[in-house]
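First comes one chain, alone, set out as structure tokens in the form predicted on its own.
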Amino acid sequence: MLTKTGRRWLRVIHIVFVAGLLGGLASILIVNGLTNLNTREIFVANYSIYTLFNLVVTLAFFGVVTTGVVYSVFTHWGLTKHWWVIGKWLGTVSLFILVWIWLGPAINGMVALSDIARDSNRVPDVYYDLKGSLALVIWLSLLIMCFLIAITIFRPWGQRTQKYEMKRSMVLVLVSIAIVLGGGLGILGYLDLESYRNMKISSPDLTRISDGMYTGTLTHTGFEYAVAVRVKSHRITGVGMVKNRESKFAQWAEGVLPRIVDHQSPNVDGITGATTTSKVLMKAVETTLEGAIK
């Protein structure tokens, strides 16, 4: 059990994470509400939202959950002894679903679409659909946060009548297993993504490539991406997809293809929010051009 001083420090840390989560969500809502922006400013706004989500909201959320578990396990409140504690966990699960299944994909989609459109004068209509859903999910998340804060303060519903309370040792074992498995899989996934994001993309010598249409493929996570590159008078005149994943993010990553034509090189900036797939497509184009060199 935590000492009185330990509980105070844990409570302070928990409140800091809660404040960070509330502040991050509120800041995203404010930035998302900005109007009368040109396409470049829209991208800057969405990149700010993307950064806030990944650096503030994500870290604060896991901080809230971690300190909440510690506070429940190492104090007399327990995990299931009181109805208000159960209510907090149900609210936390609901918040997790909203944030990572709805909010996260919406933010990635918005930053990807605004990145594609930053050199043009029009953002696609689907962007505004995501913008509206983003505002809705943040308001719902803030309402859940207010609900969680309220039941923490007032502790309603009393103590639950029960015959069994999960032992602290069992909780620690389960939490440790979850951390090891989740952390391990997360690290492996992160390293795999980083290996692609940090791939070196070269600029093949176009003067050594004859006119024609060339195709090439690259495999990533078990899927084969196929591209076609047209070369005329030692210039890239067109790049298209032959095969791509049935995914919105994979399709948005195709926004990198016009950049390759504009810069006459596969070594261009990727699409924010679809960085990994963008890099795979760039590498596929590079491989195709390298194979066409005579």
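Not measured: the values here are computed from a predicted model. Counting begins at 1, following the sequence as shown.
The form predicted together with protoporphyrin IX containing FE (HEM) is left out here; the points below concern that form.
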Next on the checklist: Under a 4.5 Å heavy atom criterion, is residue 94 part of the interface with protoporphyrin IX containing FE (HEM) in the model of the complex?
Outcome noted: no
Checklist entry - Any of the heavy atoms of residue 98 lying within 4.5 Å of protoporphyrin IX containing FE (HEM) in the model of the complex? => result no
Checklist entry - Taking the shortest heavy atom distance, is residue 56 within 4.5 Å of protoporphyrin IX containing FE (HEM) in the model of the complex? => result no
Checklist entry - Should residue 250 be classed as touching protoporphyrin IX containing FE (HEM) in the model of the complex when contacts are defined as heavy atoms within 4.5 Å? => result no
Next on the checklist: Give me the residue from 89, 223, 127, 214 that has a heavy atom within 4.5 Å of protoporphyrin IX containing FE (HEM) in the model of the complex.
Outcome noted: 89
Item to check | Among the candidates 229, 257, 64, 28, the residue which, in the model of the complex, approaches protoporphyrin IX containing FE (HEM) to within 4.5 Å (heavy atoms) | outcome: 64
Checklist outcome for this item: Answer among 112-120, 146-154, 99-107, 204-212 for heavy atoms within 4.5 Å of protoporphyrin IX containing FE (HEM) in the model of the complex: the stretch 146-154
Checklist entry - If you look in the model of the complex, which residues in 66-92 sit within 4.5 Å of protoporphyrin IX containing FE (HEM) (heavy atoms)? => result 68, 71, 72, 77, 84, 85, 88, 89, 92
